[in-house]
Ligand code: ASP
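Okay, so here's just one chain, in C-alpha cells, the form predicted alone.
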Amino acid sequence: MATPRHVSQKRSLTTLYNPRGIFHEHNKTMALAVLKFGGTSVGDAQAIRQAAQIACDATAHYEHVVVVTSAMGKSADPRDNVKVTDMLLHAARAAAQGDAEAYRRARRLLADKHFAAIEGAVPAADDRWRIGEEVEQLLNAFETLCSSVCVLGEITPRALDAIAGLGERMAARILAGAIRGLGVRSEAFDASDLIVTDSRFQAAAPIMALTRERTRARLLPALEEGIVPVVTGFIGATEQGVPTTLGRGGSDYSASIIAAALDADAVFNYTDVDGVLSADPRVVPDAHTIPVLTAQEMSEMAYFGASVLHPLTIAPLLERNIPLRVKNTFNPSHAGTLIVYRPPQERRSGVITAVTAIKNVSLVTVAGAGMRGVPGIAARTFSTVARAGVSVYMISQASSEQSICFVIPRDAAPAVLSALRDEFADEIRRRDIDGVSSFDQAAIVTAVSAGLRDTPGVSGRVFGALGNANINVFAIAQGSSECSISMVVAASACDQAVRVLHALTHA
C-alpha cells in the first residue's frame, strides 16, 4: 500500500511564518494536513458549513487532508445553550441519581440540535436520511445506557466514557456529509478503531505503537482513494475495544495523536478566537494574538490556565517536529498563532510573551522546624496527596527545609488537609511539624517567556511590577523548562496581577 509522500524536509521558514491566509502556495508540495475543529466550530449548521468549506479549501493545497472534530458546542445563537458533551454527562449523572426524565429531556434536546444541523448543513436528501438514521441509532444507544445506569443507581468511569463520546460520533457524520455536499469525498471514522489507549477511563493515555499501526491501516487506504476522513476527537478504545476518552478537551490531543501516527506535515487547530491570546481578554481588554509561540511556551500556558489547547496537545508533535497553527474558523483569513519547536530569531529575548491564571485554588503548607534534614517528608506528603486522588498544580519548598507548600484545587483542600494531618499525626504531636494549613483564597498567575532562561533581569521586572502594584506573592515556582514563573497571589488580586504583568508584553 502506497503511503502519502512525506516531505517534511521541504518545510521552510517562508512556509511556516507566511502570515497570509489559511493555506499558501508554498504548501503545494506538502503531503498531509490534519485539521481539527472545536465545539463552537461545529456548533450549528452554519458553523458546520464553514468548517466543511475550510476542509475543502485545504484539499487544493495538500495532497491529503484529515479532519478531527469535537462534539457540537454552543452556537452563536444566544438561545442555544446546548453543549453536547456537557449535556450527555449531566444526563448520565442524573440517571445515576434515579432521574429518568433528565436523560429523556436531554435526548429530545440533542435530537433537535443534531437534526437541525443535518437539515441545514447536508444538501443531499438521501445523505440527510442516512445520517439521520445513524444519529438516531446513537441517540437510542444513549437512552439505553442511561436507562441501565438509572436501574443500577450508579455510574462507573467506564460507563461515563461510553456515553461521553457519543457527541463526537454524531458530529463526525454530519461534518462528513457537509464536506460531501461541497463535492469532496468524505467519510466518518470512529477514533475507537484508531486510537488504542490504556484502561484509565476518563483520562486514558494513548499506546502510540498500536495507535500508529491501526491509524495507518484504516486511514491510508482512504486517503489514497481521495477521501477526506472525518475522525471523532476525544475518544479511543482499549486494545480489547472498550471505549475510553482522553479527558475533557481531548479532541485537540486526538488531532495531534493522529497527526503523529500519519507523519503529517502540519496541524491546523480551528477554534473561535484568532489564535492564542496573550491573556484572557475578559481580564485584559488589550490582549493580542501571539504570532509565534514555542512548544514549551504553549505547554506552560495550557497547563497554567490558557484554555485554547489541551495541555497534552503538543507532546505527540514534538518528536516529529510537526508545526501546529491555531486559527479562527469564523475568521479564516487571520494568520492565527504558529507553534514551533525553537524560538524564531527575530523575537526579542526576555520579553514576557503571555500571562495566564488559575483561580479557585488553595495553597497548602506543611511546616515545622523539625522537618529540617529529615528524609522522606516530601515523599510522604505527596504520596498522601496522590492517595487522595488530587493533582498538584505547583510546588515550592523553602531553602531552610522548614516548609513545603503546594497548590491544589480549592474543593479538594478539606480532604487533603485531613489526610495529611492523619499521616503526620505523630510528627505534629512531637512538634517536629507545627501543623498543616491552607490558604483557600488563592490563585496562580504565570508569566510565560522563552527568554527567561537566557536573559538577566526578566524575573526582576516581573516581581518589581507586582511590588509596585502592592501585590503580595505567597509562593514562587519556576519549572525545569525555565520558560515560565508561577506565583501564588491572593484571589482578590489575581486579575490585577494579570494586567500588571501583561503590560510587560509590550516592554
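Predicted, not measured: the structure shown is a model, and the values here were computed from it. Note that residue numbering begins at 1 and tracks the sequence as displayed.
The same protein also has a form predicted together with the named molecule, omitted here; what follows describes it.
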(message) Counting any heavy atom within 4.5 Å as contact, can you tell me which stretch out of 441-449, 66-74, 464-472, 49-57 lines the named molecule in the predicted complex?
(response) 66-74
(message) My question is simply whether R248 lines the interface with the named molecule in the predicted complex - judged by any non-hydrogen atom within 4.5 Å.
(response) yes
(message) I'd like to know if T85 sits close to the named molecule in the predicted complex, meaning any non-hydrogen atom pair within 4.5 angstroms.
(response) yes
(request) Could you confirm whether Y103 comes within 4.5 Å of the named molecule in the predicted complex, counting heavy atoms only? (result) no
(message) Whether Y270 contacts the named molecule in the predicted complex should be assessed with a 4.5 Å heavy atom distance threshold; does it?
(response) no
(message) Suppose contact means any heavy atom within 4.5 Å; which members of 214-242 contact the named molecule in the predicted complex?
(response) F234
